[in-house]
Ligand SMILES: Nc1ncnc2c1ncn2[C@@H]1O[C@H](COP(=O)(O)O)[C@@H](O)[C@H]1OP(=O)(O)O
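The chain below stands alone and is given as structure tokens, in the form predicted on its own.
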């Protein structure tokens, strides 16, 4: 099956959302706090509204599983108006009620075919003017079929800021500037590329077990310090051959934590289609169609493929 239309709709939605996010970020956004104490901004809501609107218009039969919902926003007229103002820069006739409804299109359920999205993956990075990603993925029969990631703060080799990663199952992965231009096919780092044989991990210490991650990297033979970065941009770094490994091991403080599908789906297919490998820390594949959380998987290991079994063995021994 060709996913050309799905790919193009997701690309257009991700670019539109990235424009909104950059517009908000120039105003130095202030975070609100969700029930789980995690931050959320006007840009998170606006991004989800734009993406859900586009996906629902093109594929009305598909469910959408997004990170945000408009429950709190509906009771905060001032914040809802701010979100609507930014959405109107791309959809001039949008109303507050429509914006809230579009956000809530992301309250769908996991099924045979559905979309999952993170309107801003790495909200803390977004707030500190660092890395973040707009991530969209189509999942069918438990497998990611299309993945699109817009990373507005990630620099390309040309020095231009803003990278767009795209992958379709069986068709490879590409990268280009969000603004357009040359499309580059992606390939993970080769085993003999010593300079790029390094690893990336989250900036936030609470997102993993950084002590164990560093110990495993050393056991595998990495000597350079890790590159710490927010969001699924880390998947893009591995897919484009700038690093060989990304680990996200459960924090000792929250050993029972399980990952959300929207935090990994788009990035996973980009790495896999670039020739890499993505599993949990025990070597199990990641089933993205079983629920919003991957309850049967623990931790994430993303690599160029050639070192993957060595990493898993080091984890087992650590």
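Positions refer to the first chain, counted from 1. Remember, predicted model here, so these are calculated numbers, not experimental data.
From this point on, the text means the form predicted in complex with the ligand, which you will not see here.
So in the predicted bound form, does any heavy atom of residue 185 sit within 4.5 Å of the ligand? No, residue 185 is distant from the partner.
Can you tell me if residue 61 lies within 4.5 angstroms of the ligand in the predicted bound form, counting non-hydrogen atoms only? Flag for residue 61 set to no.
Is residue 202 one of the residues lying within 4.5 Å of the ligand in the predicted bound form, judged by heavy atom distances? Within the cut-off, so yes.
Please determine whether residue 259 contacts the ligand in the predicted bound form, using a 4.5 Å cut-off between heavy atoms. Contact check for residue 259: yes, within 4.5 Å of the ligand in the predicted bound form.
Taking the ligand in the predicted bound form, would 176, 196 and 277 all count as contacting it (heavy atom within 4.5 Å)? Answer is no for this spot.
Go through 206, 223, 95, 129 and name the one with a heavy atom inside 4.5 Å of the ligand in the predicted bound form. It is 206 that has a heavy atom within 4.5 Å of the partner.
Choose one stretch from 135-143, 75-83, 107-115, 242-250: the one whose residues place a heavy atom within 4.5 angstroms of the ligand in the predicted bound form. Stretch with heavy atoms near the partner: 242-250.
Who in 116-134 is close to the ligand in the predicted bound form, meaning a heavy atom within 4.5 Å? Contacts from 116-134: 118, 121, 122.
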